[in-house]
Structure formats: C-alpha cells, structure tokens
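Just the one chain here, the form predicted alone, laid out as structure tokens.
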Amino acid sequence: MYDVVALGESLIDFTPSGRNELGMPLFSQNPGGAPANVLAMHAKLGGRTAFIGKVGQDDFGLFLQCSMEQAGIDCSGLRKDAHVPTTLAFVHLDEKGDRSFTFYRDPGADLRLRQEEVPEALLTCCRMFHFGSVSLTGEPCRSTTIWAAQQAKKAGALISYDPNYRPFLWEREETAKTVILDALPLVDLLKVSEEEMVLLTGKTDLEQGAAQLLAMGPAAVFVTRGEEGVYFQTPAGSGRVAAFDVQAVDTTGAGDAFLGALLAQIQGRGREALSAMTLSQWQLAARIANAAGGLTTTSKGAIPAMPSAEELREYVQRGTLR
C-alpha cells in the first residue's frame, strides 16, 4: 500500500543562478513539477510514494526519473514519449523571492499521458491520491487525470487536489475556472493559495471563500497565504496558523512542500480519515506544513531545498513565528 500516489507533471525548473562574466543570466537545472514535489516532501518524512506521468525520452526525462527515484519516489508509473520532449519551465524571481513561470510545453510530454498508460494497481493500492490542474490544461491528460481520480476514489483513497493555477498554460481565465471547479466534487482535501481562492470564488474574505469551496465537494480546505500563514476549514472546525519567520530566497515548491507535509499528518484512508482528526491535530498539522513550506523557501529549487524529517522536527520546535 502506497501512502500517496500522484499523477501529473514532472518537468525541469530552470532557476536563476547568477550571471556569467558578460553579465548574462545563468539558470540552474532542477527537478520540478508540483505533484512530484508533493511526493518528494512526503517521502522525506518517511512516506511510501509513487508517481504517474510522462516525460520525454530525452536527457531531461532521464534526469527527472533519477531525481525522483533518489528522492524515494516509485517511478513504475512513469512513461516516456519518444516523439515529444520533456516540458521545461523557466522560473523568474523578484526581489522577495516570489516566482513567476515561463513554460515551454507546446507540445510537452506530460500532456500526452493516456488512460491505457496508467497502471491501475497504483490507483487501487494507495491511501491518498493527489493531482493538480496543470494536468487538466489539455487532452489527453485531462481525461486521464479525472478518470484516475475517479478510480482511486472508488477504491477508497482520499483525494487531494491543488489547483496550482498557472495563467500561462490556459487560453482564458474563465476556462481555467470552469475546469478547475469541475474537479471539486471528486475532492476530499483542497489546498489553494489565497489568490486562487479569490479567482475561483470571487471572495476576498477567507471564511466566505473557503466555505464556498467546501460547498462544492471537499471536506477540508486549506488556504495558504505566504508570510501570513494558512487559514483552514475542516470537519473539526476552522483556524489560522501563523507562518514561520524565514529569509526567503526562492518560493518555488513551497506550497508543494506544505501539502506533502500536511498529507503526512493524516492517518487512515478516504474522507473518514479527515473526520477522525481533532481541531488541535489539524492545527499541529498546519504548523508542521508551514514549517516545511517556509524552510523550502530558504534555498533555491524545489525538491533540493526541501527539509529532512529531522530538520523539520527541530524547526517546528525552535522556529520563530511571524
């Protein structure tokens, strides 16, 4: 039994890495892709994880496979496309370390994953199944993702979802909203950024926005707010947990580290696992997740920057809150 199986994109994040002698920007090759990042964080905390997705049959694809395997992720569900290259993303950072993305993905191997390429055994033997909306931006991967989530849910898995909205990948904002919201009836635990909550609900009030999302299907909603921490609504109640005071240099992968660590605090299988947790347990889980996300921002890259279980445990005890 796997703790978490995720389906979606594994891609190359080219992150800023200084300048050369002529003053030209340099970029460093890093493993990326939100579902893979979530699995990597969860695996660092001792979970058994597996990835389902597609990369190109190229050096980038091989690099991603090796990186995921080194992070402790089972790649038996990874497929390689001989005709379409691995998707690339260039990360741009502002003075606060906040990032934006430019994708090279038309076409990209991750979008070509077909239903018949998905090992159904991975869907039926996991406690949790995770996906995001990047794999919903085009066919055939969109239909494959929804089908996989349906199969996992039928088998009793808890369904985790992070919209992870990337405007560059959608033709229109309204299309993105429709597609993202259409997936919510399948979902048990939803993680959104505050900006995504506003996009999807039109609400700026946290309580109202989270409640509107809950009414569409999920049992628990977590709204991440960067330096302001996280707000959540769960079956046990709602709450706010402050962020840790860190010196951020690169926020890439912070939300994924948050979610990977959050899922690691959930025991059991299916939606009933969420109902079994008390409010104090949710508050502790959010504190641990905030620490994982915060620590990930203190180094460049996503997976390489994620803390170990020991580092995370120590920081939760000794870190300073904002």
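Don't overthink the numbering: it's just position in the shown sequence, from 1. None of the values given here were measured: they were computed from a predicted structure.
Another form, the form predicted in complex with a small molecule, is not on view; read the next lines as being about it.
Residues within 4.5 angstroms of the small molecule in the model of the complex, judged by any non-hydrogen atom, belong to 246-254 and to none of the other stretches in 175-183, 246-254, 120-128, 197-205. None of Arg112, Arg225, Lys80, Arg142 but one reaches within 4.5 angstroms of the small molecule in the model of the complex through a heavy atom, and that residue is Arg225. The contact residue chosen from Ser238, Gln151, Gln212, Ser193 relative to the small molecule in the model of the complex is Ser193, the criterion being a non-hydrogen atom within 4.5 angstroms.
Although the partner is absent from this view, Asn290 contacts the small molecule in the model of the complex, with a non-hydrogen atom inside 4.5 angstroms. Mapping the unseen interface onto this chain, Gly217 falls outside it, with no heavy atom inside 4.5 Å of the small molecule in the model of the complex. Though the partner is left out of this view, Thr297 does reach within 4.5 Å of the small molecule in the model of the complex, counting heavy atoms only. Within this chain, Gly229 lines the site of the small molecule in the model of the complex, having a heavy atom no more than 4.5 Å away.
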